[in-house]
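Quick setup: one chain, the form predicted on its own, written in structure tokens, and binding and motion questions come after.
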């Protein structure tokens, strides 16, 4: 539970007492997910968002040809879930599974709303998370429509160095929107510079 408390303290300027944190934690459920086990499958409704305490997870969809397209890679101290499905209670188009054995703290949308009303620190945390998520999405869109493969990889490596250590090249290539062969060529060129 300490990683979540540290996360709240990092992203909220409003203090959270130990007593308040116990109340907050009473709205979370601990869950272990084995490597390759699903957190959410396409067509299911995302009833919980998960705070990753340990492990690595991936969010992706599978196209009509069977190719996986990654939309999120996540490790410790990141949140995972399908926001659209979680908010709208609609069927998800994504699969989310554990890339490594993982441990999560799960919270429902209803509980997040309740906690945001009870604890200003949680409300502030949610606003900051939304801001950071929107900024990251905007940067990713700009990258996808404007940048070369070299720039996409360089930006990814700069912004997410920990992910380079946890996910293989084909996953990273898909995430940044290039082929595995292109990523291999880009990495070789960067090493030569």
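Numbering follows the first chain given and starts at 1. Please read all numbers here as calculations on a predicted model, not as lab measurements.
There is another form of the same protein, the form predicted in complex with the DNA; it is not shown, and what comes next is about it.
At a distance of at most 4.5 angstroms from the DNA in the model of the complex, all three residues 148, 179 and 185 contribute at least one non-hydrogen atom. Put simply, residue 9 is far from the DNA in the model of the complex: not one heavy atom of it is within 4.5 Å. Residue 161 falls outside the set of residues with a heavy atom inside 4.5 Å of the DNA in the model of the complex. Among heavy atoms of residue 79, none comes within 4.5 Å of the DNA in the model of the complex. Looking at residue 86, you'd find every heavy atom of it more than 4.5 angstroms from the DNA in the model of the complex. Contact with the DNA in the model of the complex, judged as any non-hydrogen atom within 4.5 angstroms, is confined among 164 to 172, 135 to 143, 39 to 47, 25 to 33 to 164 to 172. With contact defined as any non-hydrogen atom lying within 4.5 angstroms of the DNA in the model of the complex, 99 is the only contacting residue in 81 to 116.
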